[in-house]
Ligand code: ATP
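Quick setup: one chain, the form predicted on its own, written in structure tokens, and binding and motion questions come after.
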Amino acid sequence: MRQSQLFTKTRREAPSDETSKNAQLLIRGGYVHKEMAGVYSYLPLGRRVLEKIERIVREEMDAIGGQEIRMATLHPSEPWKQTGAWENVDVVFKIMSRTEKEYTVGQSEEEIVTPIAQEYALSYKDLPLAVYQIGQKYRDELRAKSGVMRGREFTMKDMYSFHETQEDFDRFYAVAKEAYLKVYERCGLTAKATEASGGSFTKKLSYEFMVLTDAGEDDILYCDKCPYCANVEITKEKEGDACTRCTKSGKLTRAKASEVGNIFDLGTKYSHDFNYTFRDAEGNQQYPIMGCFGIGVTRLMGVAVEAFADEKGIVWPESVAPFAYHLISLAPDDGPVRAFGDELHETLAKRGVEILYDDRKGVSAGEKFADSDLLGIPHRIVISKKTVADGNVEIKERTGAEMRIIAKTDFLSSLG
């Protein structure tokens, strides 16, 4: 993509009404556009990041047997009233139509997915079943904050599983937990599976997946020697206590963290609410055990910004960066430099290398470097009159200080 054709522009100053780092940098970089508190539009660069995250999530959910569907966003009120959520869940948007019928826009999908499964998974032979979607969610937050990390509209992957027995659910629960940790690792993040209360969904213990960040809204205690981690709100333990879960004499450390996913054992609540039963091997009717598995996609984007940004701007992990390379021409008006840059851009694009080509005219070298730092693309290629005359390019990593001069042919060979 040519940067001269990118309709968005960078901004030098952060918007005055944003206090979170992720929102300030994403708006300055032209990744998102704020519509109102807690609601953002995702622009070309932002959409590319979301697509990378969604692809990783999709691949890991498919790998454990999840089947992707797309559920309705506009929900009738009746199933929500049937489960009690219409009256008891305070973040549900309620909409009255001109026909005096009540609707909501989905903030979760139990009320939609359970009747779907009820229609198709009627026998133990149809179980286990796991379906998921990646789509928009809406919550009537009283105080939307933390930029794209906590909003009124956001993108989420939610998966729902149905099981014949508790034992089978427990098996899948463990499999999903490991898949979640793979998702975060592939996104360049280290997440901790934190024990927490199931909240309004269930009284059973659940897992929240937390990434350590000063911008986090939760306080956790984690062991410095083993994977044990707990939300401060549900544990009697305190910082400095010995970890009771490991054999390595670990100590508990307190930290701020941001939730990037959760998994719940829903039991048979929704099965009972909809009188959903299946026929077991003996021909008896049983209620399936259900599970709920959520990953905040837009939230992950914001957490990545918070976790890796430096004083110059965003630093994307390579796996979710909008482009792998940022090709910067310091002399786009010069014929040989322009021809060199155009050819290099075309060659890399044909090889499938994701590249943003800064071919803008009338923009100083300092501005281009500042923009590149702000955008956070992992690898930078710089061409100028001097490098082009020698058939070279300059290579720099976003997080490194060293600039390497290398022949263009050697650079292309290094890419394979």
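Bear in mind the structure is a predicted one, so any value in this text is a computation, not a measurement. A residue's number is simply how far along the shown sequence it sits, counting from 1.
Same protein, other form: the form predicted together with ligand ATP, not shown, and the subject of what follows.
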Tell me, yes or no, whether H345 is in contact with ligand ATP in the model of the complex, where a contact means a heavy atom of each within 4.5 Å. no
Give a yes/no on whether H326 approaches ligand ATP to within 4.5 Å in the model of the complex, heavy atoms considered. no
Given that the partner is absent here, does E141 sit within 4.5 Å of ligand ATP in the model of the complex, heavy atoms only? yes
Mark T114 yes when one of its heavy atoms lies within 4.5 Å of a heavy atom of ligand ATP in the model of the complex, and no otherwise. no
Ligand ATP: the contacting residue among K192, R150, H75, H163 in the model of the complex [heavy atom, 4.5 Å]: R150
One residue of F172, F154, Y228, W316 in contact with ligand ATP, assessed in the model of the complex (non-hydrogen atom, 4.5 angstroms): F154
Exactly one listed stretch (337 to 345, 96 to 104, 296 to 304, 128 to 136) reaches within 4.5 angstroms of ligand ATP in the model of the complex by non-hydrogen atoms, and it is 296 to 304
Within 244 to 267, which residues come within 4.5 Å of ligand ATP in the model of the complex, counting heavy atoms only? E259, V260, G261, N262, F264
